[in-house]
Every structure is written in structure tokens, then in C-alpha cells.
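The chain below stands alone and is given in C-alpha cells; this is the form predicted alone.
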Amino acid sequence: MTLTAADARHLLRRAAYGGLDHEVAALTGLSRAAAVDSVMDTAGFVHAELVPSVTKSSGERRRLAHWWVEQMTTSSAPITERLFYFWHSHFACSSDRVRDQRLMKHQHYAFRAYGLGGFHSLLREISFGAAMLIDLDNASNVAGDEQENFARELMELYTIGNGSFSEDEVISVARAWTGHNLDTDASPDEYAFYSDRHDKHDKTLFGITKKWDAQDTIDELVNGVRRDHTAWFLATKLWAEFGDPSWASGPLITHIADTLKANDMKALPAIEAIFLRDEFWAPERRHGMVKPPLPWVVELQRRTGIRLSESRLDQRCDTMGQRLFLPPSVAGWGHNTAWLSGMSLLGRARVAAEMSSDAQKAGFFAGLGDLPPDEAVDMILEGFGVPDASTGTRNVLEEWYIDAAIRDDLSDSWLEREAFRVGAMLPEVNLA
């Protein structure tokens, strides 16, 4: 089976940030396996040394976020940035709770340094990282005064999922993590183990009684007695991110989980397995997910070459409900209906309006007013990478164009700006 242009666009909406014309052309006609192999190529990944130097100040979050959006926009291996976004949501730490942007930068570095490898190493780095220790209160977890917050989320949100552990096991994990705190004399704070704060007694966890320590819990969750549970949980979340958050089947998740277990619990082979499944290519998967605000912005920037300034990006992302390093809760970013509030859509409309003038000056939709309605509609849809938009979308767009084009008091430049604003808000442009 070879890919059509529509197939290529579908794959690039999920594996990248939309497909530019030359990217779609490069995949069209390839076999499914060859196309998937192409989008999974990480050879162009640029490592984290490019992360800017930041200070503790809360205002530095905005600069770090702007830098990351630029990496998303320009990366020659966009699947890596899609995965780092997934990990950012999976291990959702908030800048407001951590209160030190240097630690948020270090956590992001860990996603880039370990996120393409095995889950065990990534989980270890994030769990023992200062940002996580602060965010989920393990910095104050000591024997005799156990703090259960991190212990619960380690299992519920990061590994085996809700319903796969007991309250007694939460207590045992919390006891195992006592003494794994912070050296607050360092600048910035960094992980430190204090033996005198650690519970050295026997604990029963996962049916095993021994003197459990923090590292033991990670070992068992990822590679030990709870390995199957963790693989299933990660497989479910990866499918929701790259496949369809509204539907899944047991055989599908089993296949993804088996792929994880066969590949040292690495996410990339599992994502590749998702893209090779027939379920991924089904008609109901096409334009089946609402794009989160940031991927939507990134795609607009890629298509136009226009960049939102640091301050403007932060303001608009705040309105749209998605600011990097400020996830809404420890559960991370949502899907679909999470992005359909009136305020979020207003934020998108404002982004489109702000980009429209620069787009018009750059020649985006130049000559649009000279075209008959059907050709004008084609130009707008092709400009936004959705030439296969529905008949309903085409009809509405054509009606808008006819009404706008016949007004003698409006200039061609106005029409081109308005075409950008209207096009950016079309359903297919906002769906992945």
C-alpha cells in the first residue's frame, strides 16, 4: 500500500506539525513502512546544548517557552519535539510550584537527554530531579512524617495507572522515598539523600517484603513485577496522544504495550508501531483530534515563516489555555474538548489576526482577489495544507469569499488579510 497525498498529510499532522507541500510530496507514493520510517528519523535532532541560560526569576519561564516553540518550528526531526511535549505533559510539573526556572530548564534537558531512550532511565532522572521533588513534595518526605503526594502520582500518573495499586502501597512507596530530598544550600537546589531521614524498616510492596528504597520502586514498576501494567498504561497514553484519545481497543493497546516491552520501554518504537497500525489510517482518525494551541501556532509559523514575539506568544497562549511549563494540573494537558472553550477559540482568532498583516506583507494569498471563487477557495485551503477539506467547509468558504470580494470599498490587501484570519480558523486547520 502506497501513500496518497491525503495519507501523507494525515501522517504529518500527527508525527510533525503539519506537512508543507514539499514534505507531503516527499512521502506521497512511498509505502506505508517507508513513509513511517521517514517521519521517525531522528538524525536531525539537535541536542539540548541550545537551551538558553536562565535565571531563577519567574519571568524566565516565558523566555524558555519561546525558545522551545522555536525548536518545534524549526526542527528537522519534529517527531522528537512531539515526544518531548508528550513527556512534558506526562510528567507535568508547574513553574509556579517549582518557583525556580533553572530547575524547569534542567527537567526539560532531561526530556531531551533521556526521552528518546528507555523509560526506566527517564523516570529515574525525572523522579530524582529537583523540579519533581519540589512539585510533588518529596523534598519534605521524611521518616515518621511521610509525604504521600509523589508516591501516589508515581504510580497513578507515571507508571501503572489508577486502580492498579492500593492505599497501603502508596504508604509503602512514600516510606521508600523518605530521605530522598534536596540540598537547599546548592544553587540551584539539587537532589540529596539523607540516610537519617530514611525509613530503613521492612515494607511490603507489590507482594514483596523487604527494606525498599526509592530506586527499588522504579526498578519494579518499569522492569519488575509491575512491568506489564506500566507498559499498558504508557501504551494507552501514547495512543491517545498520537492516535485517538476517544477510542482504543484491547488488541491495539496490547500490541503497543508489547512493542514497548520488546524495545527497552522506548517510546519511539511504540509510536512507530502506532503509525503502522491499520487503525491509525482509518477514515475516522483523519481530522479526528483537536490540535492543542501550541502545535496549531507552530504549524502557522512553519507555513508562513512568521514568528510571534516572546511576549505576544505568552499572552495568546495564556488566553488559549496552554502555556509551556504551566500545565493545568499534575495530570498534564488534556485532549479535544479541553481546547474548545470560548476563551481558547478567541485566543486562536487573535493569533490569526495578529499574524495576518505580516502574512499579507509576505505575499501569502497575493493575487487572491483576481481569482474566481472556486480557485480562491483552492488557494486558501492549499495555503493552510487542507486541500481535502470537507464540502461543507468549501461551501462556507466560497460564500464568504463571494461576499467579501464584491465589496468595492475594500482593498485587495484587506481581502488577503481576512482570508488568512478566516482560513486559520477553519475546522480542518484546527484538527489533526
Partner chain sequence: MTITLSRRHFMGGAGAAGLVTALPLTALADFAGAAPPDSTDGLLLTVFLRGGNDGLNTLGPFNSGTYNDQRLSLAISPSSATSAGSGLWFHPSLPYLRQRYLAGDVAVFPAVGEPGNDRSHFSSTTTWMTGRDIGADRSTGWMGRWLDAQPDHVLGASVDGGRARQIRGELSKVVAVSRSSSDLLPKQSQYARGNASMWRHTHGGLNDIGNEFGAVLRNAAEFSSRLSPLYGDGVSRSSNRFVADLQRAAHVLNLGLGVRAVSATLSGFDTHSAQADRHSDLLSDLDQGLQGFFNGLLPALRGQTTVLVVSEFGRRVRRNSSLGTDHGSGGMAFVIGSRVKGGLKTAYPSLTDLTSRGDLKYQTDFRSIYSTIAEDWLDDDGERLLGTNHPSVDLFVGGPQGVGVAGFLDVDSAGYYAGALRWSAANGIVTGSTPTTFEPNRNMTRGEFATVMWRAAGSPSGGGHNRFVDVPTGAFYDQAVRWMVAEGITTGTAPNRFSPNDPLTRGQAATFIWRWRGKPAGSAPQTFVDVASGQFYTAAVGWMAAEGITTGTSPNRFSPHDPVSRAQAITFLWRDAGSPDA
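Not measured: the values here are computed from a predicted model. Positions refer to the first chain, counted from 1.
Keep in mind that the form predicted in complex with its partner chain is missing from the display, and what follows is about it.
Is R97 one of the residues lying within 4.5 Å of its partner chain in the model of the complex, judged by heavy atom distances? R97: contacts its partner chain in the model of the complex.
Is the gap between E382 and its partner chain in the model of the complex 4.5 Å or less for some heavy atom pair? Result no; E382 lies far from its partner chain in the model of the complex.
Distance check, E23 to its partner chain in the model of the complex, heavy atom within 4.5 Å: Answer no; every heavy atom of E23 is more than 4.5 Å from its partner chain in the model of the complex.
Classify P387 as contacting or not contacting its partner chain in the model of the complex by the rule of any non-hydrogen atom within 4.5 angstroms, answering yes or no. Close contact is absent here: in the model of the complex, P387 is far from its partner chain, nothing within 4.5 Å, heavy atoms only.
Among 212 to 220, 316 to 324, 267 to 275, 190 to 198, which stretch sits within 4.5 Å of its partner chain in the model of the complex, heavy atoms only? Going through the listed ranges, the match is 316 to 324.
Is it true that H287, M343 and D403 each have at least one non-hydrogen atom within 4.5 Å of its partner chain in the model of the complex? Yes, the whole trio is in contact, each within 4.5 Å by some heavy atom.
State the residue from L308, A77, A349, L157 whose non-hydrogen atoms include one within 4.5 Å of its partner chain in the model of the complex. Contact check passes for A349.
Identify which of N336, T236, T73, S89 has a heavy atom within 4.5 Å of its partner chain in the model of the complex; exactly one of them does. Exactly one residue meets the criterion: N336.
Do any residues of 410 to 424 have a non-hydrogen atom within 4.5 angstroms of its partner chain in the model of the complex? If so, which ones, in sequence order? Stretch hits, in order: L410, S411, D412, W414, L415, E418, R421, V422.
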